[in-house]
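We've got the same protein chain twice here, in two forms, each standing alone as structure tokens: structure 1 and structure 2.
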Structure 1
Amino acid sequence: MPEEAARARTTYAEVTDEDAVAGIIATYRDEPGNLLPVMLDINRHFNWLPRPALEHISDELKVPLTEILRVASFYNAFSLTPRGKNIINVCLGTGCFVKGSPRLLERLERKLGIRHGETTEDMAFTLEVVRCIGCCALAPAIRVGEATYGRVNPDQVSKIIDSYIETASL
């Protein structure tokens, strides 16, 4: 039966992707409440939740795909569309907003050539708007991946992004 389910799944983009997902599922298989940890690790691995991975979870954990999609669409930590290597979060919470984060967003959109909610063609950056990144005292703030930048002014945006472009080309 597992072979039939695997054949019925949508094809993974890379041959190794199925092995990666199988390993993640195996890590949490016997733990109660394993759906969220599995989904988080898969999201971390791919930077989004590919359909074949969701189908794989459904097959292996015997959770209906509709339930997995409900969870995936409820939490903003998950993405159902491909995202760039570097996720840029621009805080538009009250503190950041009044201190100028809309200007940061505008500068980022110009620098990257995309609007918020979009990903650059080279899959290097995804630009997202969030309501809070938890550092109101450093407003206005942005986060690139795990790095948080506080008291950012629009003139610093280009330098911040360029540092990620330079790192990628090394």
Structure 2
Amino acid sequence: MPEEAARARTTYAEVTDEDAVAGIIATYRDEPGNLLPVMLDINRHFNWLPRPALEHISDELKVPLTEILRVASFYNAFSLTPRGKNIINVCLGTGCFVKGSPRLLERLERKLGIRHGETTEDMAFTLEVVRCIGCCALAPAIRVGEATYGRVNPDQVSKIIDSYIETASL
């Protein structure tokens, strides 16, 4: 395939996105085994892995797209669908499990009207489960974005989520 055709990627949503991805790739270009660090940073930047970015990596690092998709679907950290502004992680580690985290998850699912693994329609929240965030002594724990909440009881769930809705509407 001619180089031009190979570069005819699906387009980025924003013009600046291409520069962001190019910047991330440049950071790790000379590192051996750089595929994962590049993908992790892109995943963090967009909250998911947009297709044009994956094609971009494939071009630049000379890794077949199939291999990139295999890596993307293998590791839990990556998402191939867009995720919400706030990512909620309910810890299902053993410590949290025996202290009732499945009930926090149920409450969150009802509150947000989605199942875990899904995103609310307004793209405000994505609900995910995580296998231990290491807060076992303060179980059950949930993480919203970068904030960790320990010793959460089911009745507090609503209030925690509301505090993010308020912030979002400001």
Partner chain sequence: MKIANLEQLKEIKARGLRLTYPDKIKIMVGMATCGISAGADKVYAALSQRIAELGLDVVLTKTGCIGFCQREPLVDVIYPKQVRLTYQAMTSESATALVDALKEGRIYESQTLCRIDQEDFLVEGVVRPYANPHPPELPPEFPRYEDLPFFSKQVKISLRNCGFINPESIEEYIARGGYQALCKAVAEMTPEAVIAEVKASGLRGRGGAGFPTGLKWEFCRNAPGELKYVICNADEGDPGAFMDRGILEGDPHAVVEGMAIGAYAMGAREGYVYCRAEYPLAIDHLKTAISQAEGLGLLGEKIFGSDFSFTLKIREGAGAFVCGEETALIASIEGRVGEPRPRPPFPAQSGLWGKPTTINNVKTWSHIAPIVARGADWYASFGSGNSKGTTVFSLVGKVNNSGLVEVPLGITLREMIYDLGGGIIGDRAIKAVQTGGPSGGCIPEEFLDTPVDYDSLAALGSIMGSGGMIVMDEKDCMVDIAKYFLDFTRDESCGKCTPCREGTLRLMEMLEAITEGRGQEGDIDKLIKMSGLIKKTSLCGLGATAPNPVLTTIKYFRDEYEAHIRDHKCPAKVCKPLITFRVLEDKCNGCQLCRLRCPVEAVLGTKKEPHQIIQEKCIKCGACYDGCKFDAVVVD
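Reference numbering: structure 1, starting with residue 1. Here, rigid core means the biggest group of C-alpha atoms that superpose within 1.5 Å across both forms. Small disclaimer: the values here were computed from a predicted structure and weren't measured.
In this pair, structure 1 matches the form predicted on its own, whereas the other structure does not. In the core-superposed comparison between structure 1 and structure 2, residue 29 has its Cα shifted by at least 2 Å. With the core superposed, residue 147 shows a C-alpha displacement below 2 Å between structure 1 and structure 2.
Here residue 15 exhibits a Cα shift of 3.0 Å between structure 1 and structure 2, evaluated on the superposed rigid core.
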